[in-house]
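The chain below stands alone, shown as structure tokens; this is the form predicted on its own.
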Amino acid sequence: MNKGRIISIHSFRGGTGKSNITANLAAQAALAGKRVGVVDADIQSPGIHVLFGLNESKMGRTLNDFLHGKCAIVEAAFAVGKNSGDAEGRAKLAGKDLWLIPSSIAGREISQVLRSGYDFNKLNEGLQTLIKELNLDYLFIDTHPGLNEETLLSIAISDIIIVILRPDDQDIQGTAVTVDVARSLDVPKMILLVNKALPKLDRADIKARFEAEFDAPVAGFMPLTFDLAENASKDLFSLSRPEHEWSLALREVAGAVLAMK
């Protein structure tokens, strides 16, 4: 691979499990021997850092610091493989090439973004620097849900966009908008991921219907499970419970993403 690929994970509405899926996909890519970066671009409501065992006291430099000119982007890259901690799942990332660029959870920093936004050109420049300086194979972007200017620009620079939706009428209508916008921005690859799927659903029927409606492949179905809810973001579920049906489905999706040319 000559250039690291940028993968944006997006959903039209919040609450779809986007950050959880992003973190676990990135972890699976790192376990597969890839050099992986994860950027929390949901600057208005950051949260993916929790899955990697970070809190405000441990976080150090953040994406906000880079955007405000206080540090280089690489200085905000938290080396998960060197700081995996003792959680059962995350411990499996020890020695792996995985970096997280978190967003600040300080109220004043979030307020500043809400008031003034940020320079996307600077963010794009930072992303390209990360890929080059860390020699990344993949850079996962956890986007802000919905369609605002920053999210649209994140989608526009992506090589692959993974659109997460629930089998819910509101999600379906919003996904139609997201898919149309992604196509207008000429994203090279787009796949759909159905999350929180009830066991009684006819998955073959939903897959055929969604692929016809959105003209994009459905990469997988993530089952609705209380076990994941009970995990409460304390660990990376696909690593701590690798034989669980949710983890098996997640690894299948990860394999499909890594196989994309």
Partner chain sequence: MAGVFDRLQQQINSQKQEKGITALDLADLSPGLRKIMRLMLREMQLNYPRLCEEMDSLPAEERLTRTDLNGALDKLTAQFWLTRVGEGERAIYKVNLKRRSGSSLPSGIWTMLDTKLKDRPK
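Numbering follows the first chain given and starts at 1. Predicted model only: the values in this text are computed from it and were never measured.
Another form exists, predicted in complex with its partner chain; not displayed. Remarks below refer to it.
Contact between Leu152 and its partner chain in the predicted complex is found at the 4.5 Å heavy atom cutoff. Using a 4.5 angstroms threshold between heavy atoms, Thr143 stays clear of its partner chain in the predicted complex. In the predicted complex, Glu56 approaches its partner chain with a heavy atom inside 4.5 Å. At the 4.5 Å threshold, heavy atoms of Thr129 reach its partner chain in the predicted complex. The three residues Phe120, Glu125 and Val187 all sit with a heavy atom within 4.5 Å of its partner chain in the predicted complex. Residues Gly107, Arg108, Ser111, Leu114, Arg115, Ser116, Gly117, Tyr118, Asp119, Phe120, Asn121 are the ones in 87-122 with at least one heavy atom within 4.5 Å of its partner chain in the predicted complex, listed in sequence order.
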